[in-house]
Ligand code: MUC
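Quick setup: one chain, the form predicted alone, written in structure tokens, and binding and motion questions come after.
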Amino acid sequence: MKITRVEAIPFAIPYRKPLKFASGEVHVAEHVLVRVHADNGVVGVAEAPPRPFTYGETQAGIVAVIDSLFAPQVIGLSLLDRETVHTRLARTVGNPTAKSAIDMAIWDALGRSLDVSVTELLGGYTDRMRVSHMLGFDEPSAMVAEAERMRETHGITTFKVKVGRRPASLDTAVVRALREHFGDAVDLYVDGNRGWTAAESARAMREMADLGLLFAEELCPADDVLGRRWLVRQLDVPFIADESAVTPADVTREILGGSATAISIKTARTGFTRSQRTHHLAEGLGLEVVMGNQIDGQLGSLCTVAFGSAYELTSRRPGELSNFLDMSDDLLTEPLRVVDGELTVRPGAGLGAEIDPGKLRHYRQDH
């Protein structure tokens, strides 16, 4: 089960509509398919979604760092040498999604080799998660209509509402419109992507105090250390650290420093190996955990549900697993389906994902 080859294949698939939020907007899924080949003939797959406005990675950069640095460091290692892989990749700073895609493709290849699902390898708690859908910036009526469509078509009843615009009333009006339309039939939480100041965040949360929010996420920058602590102390809902708490060390700093009270785990940026570390730390600290979404495609969403389903803590809350529904197409031979508000783990070995070669030929960017 030795690694013989690592491929990084850039591809691009348009979104039906752009997802807009405080730190940027996405019109096309310019992602990278990572394939890890082993000497037993098995090929593991994963997806790297670059988010330059958050982590500084680009599609071209991911391909370059995998081809020139990471692939040579892991070729020749066993699929079981995941800690060695982690240590070698960690010598290079940054590049979280490139590292994570290699890690997850190795786990997929290992599961295929052992004829065991990744979820079972990780913990095997359940085989499904409830789904939360992200609503990007738009007019209140349009965001309500999208939420209604997601509920009627897919049974989704939890929505993460993007906020962080100025004036803040643009966003508080949306959240109020959603609550007035759905009543108590849906759960809502807000994510600011660091768009507001601490003072703006506090005012906005007071305006929404009667709307029964589950969480508030990254409303203001973590770099405003004192302002964020001041904000978190006055909130009566858990405050999720997302892009400010990528590593276990980040989580420790944010939580013990009083800058957050909950965390988001995103397999796209921490893979399975480092996500395990973050999960175990959160469990030890008694934190709420949400499985987050890096605007993943179907393969990335499959990775998220595979990890989230493996543990009781991560499957307790709905995971952000549905933004692939906004893409015009995908690479999988069998598309994912959200049914009755749930996404299930694929049956079979590894991740259970098969790439459609015709679609890959059509969407890849290196030919």
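Residue positions are given as counts along the sequence shown, with the first one as 1. Please read these numbers as outputs of a predicted model, since none were measured by experiment.
There is also a form predicted in complex with the named molecule; it is not shown, and the following applies to it.
This chain lacks the partner; the member of R112, K162, H279, R130 within 4.5 angstroms of the named molecule in the predicted complex by a non-hydrogen atom is K162. The contact with the named molecule in the predicted complex, taken as any heavy atom within 4.5 Å, belongs to M134 out of L211, L235, A173, M134. Partner proximity in the predicted complex, defined as non-hydrogen atoms within 4.5 angstroms of the named molecule, places exactly one of 79-87, 135-143, 104-112, 292-300 at the interface: 292-300. Relative to the named molecule in the predicted complex, residues D187, E288 and R317 are all farther than 4.5 Å at every heavy atom. For F11, no non-hydrogen atom is located within 4.5 Å of the named molecule in the predicted complex, even though that partner is not displayed. The named molecule in the predicted complex is not approached by R228, whose heavy atoms all lie more than 4.5 angstroms from it. The named molecule in the predicted complex is approached by D191, whose closest heavy atom lies within 4.5 angstroms of it. Among residues of the shown chain, D242 is one whose heavy atoms approach the named molecule to within 4.5 Å in the predicted complex.
Of the residues in 201-232, only E217 comes within 4.5 Å of the named molecule in the predicted complex through at least one heavy atom.
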